[in-house]
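A single chain, nothing else alongside it, follows as structure tokens in the form predicted alone.
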């Protein structure tokens, strides 16, 4: 039998809720570390791209590049614009802490200070030191034109990082990636038309031998962004490649860190919405493999402002990488007591359900789920209800002519947790119900419209 809840309503704008939440985060994580809650994109208050994910200790550390919007006085209009790097960390792939800026272009001795081209980086640990590799155009008077690759060193994965006074000798290009094999030998990979690799000395800042062109990869089309890892004795060289018109993620395999490599397949197909670039990393964390990559979620009309995502990655028994389908739900478990952004859905009904920006002029304000037909629905997977001791459920919603929603778990026809009546109004309203059925453990969550009127949902959460 359907439960008809008693609701109380107060007017709270979506933007006001987000500002209050941001203020609390500043208190909790200080002025230098802010928190983002997972769902794709992972970082929800700034543009990020080219993610290098690394597991250090019991956490994942994320070293992306940082897209900003160019102006007449900063960078090149209509092009990539990057002046610094942040580092983020998470112990659960759900809550991400921003540890702030670790390197900026005008504080590296050899970098051209007005280049705004601090492109895709990487970081690795060796003997208790953390080595951060980054590309940038150098001061041409001393180093010649073009990109060079530098190193900054720290005692902790979050820094402070001290840049070396010179870039790595005999390396010209972008997209550095570092791999340390089981025998302790370190390798540096980078791109400049082709993909290159070379051994590194134990000091991690000098090449140890000749540079090798990894020429067994597809001949036609741009190849860049190498990322190498090893699994079960197979070396996987992964990279973006323009097979058609825009980049897709591919991989080749070999029995040696410097090849030869044989093309093996596609990790992720071209963006269906036309984001020209993709750049990635692949790591294993708590027995699961993950693909970190980017897309232009917050900037659909301008693909030089991108955002980092993550999705699970799987292998077949013979070591083949299964093609990853990008999702909005992403990875990690969402607690029922946090604000669950239903717009980062696992599935939508085929008819009457869509996703829109809450404010097209403030896209970091996030999205809304819009249901326009009776029985239109949105599904959000892997919500942790714990032991289920909740007193109420609340939603930030808007329904110009009023409406009603069912909250179910398990499936479209699963148990009803609550029914929410939404009074009419053109503004966002916080609607709360204290008449609930109990749910516990991990559950898939469904919101289902019970009316033909338009209903917009910002978020939902349970309160103890």
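Keep in mind the model is a prediction, meaning the values are calculated, not measured. Residue numbers count along the first chain shown, from 1.
There is also a form predicted in complex with a small molecule; it is not shown, and the following applies to it.
Contact annotation: residue 277 falls within 4.5 Å of the small molecule in the model of the complex, judged by heavy atom distances.
The small molecule in the model of the complex is approached by residue 174, whose closest heavy atom lies within 4.5 angstroms of it. Interface residue remark: residue 196 is not counted as part of the site for the small molecule in the model of the complex, having no heavy atom within 4.5 Å. The small molecule is not drawn, but in the model of the complex it has a heavy atom within 4.5 Å of residue 119. Residues placing heavy atoms within 4.5 Å of the small molecule in the model of the complex fall in a single listed stretch, namely 80 to 88, out of 80 to 88, 361 to 369, 336 to 344, 107 to 115. By the 4.5 Å heavy atom rule, the three marked residues 329, 379 and 458 all fail to count as contacting the small molecule in the model of the complex. For the candidate set 297, 311, 224, 98, a heavy atom within 4.5 Å of the small molecule in the model of the complex is found for exactly one residue, namely 224.
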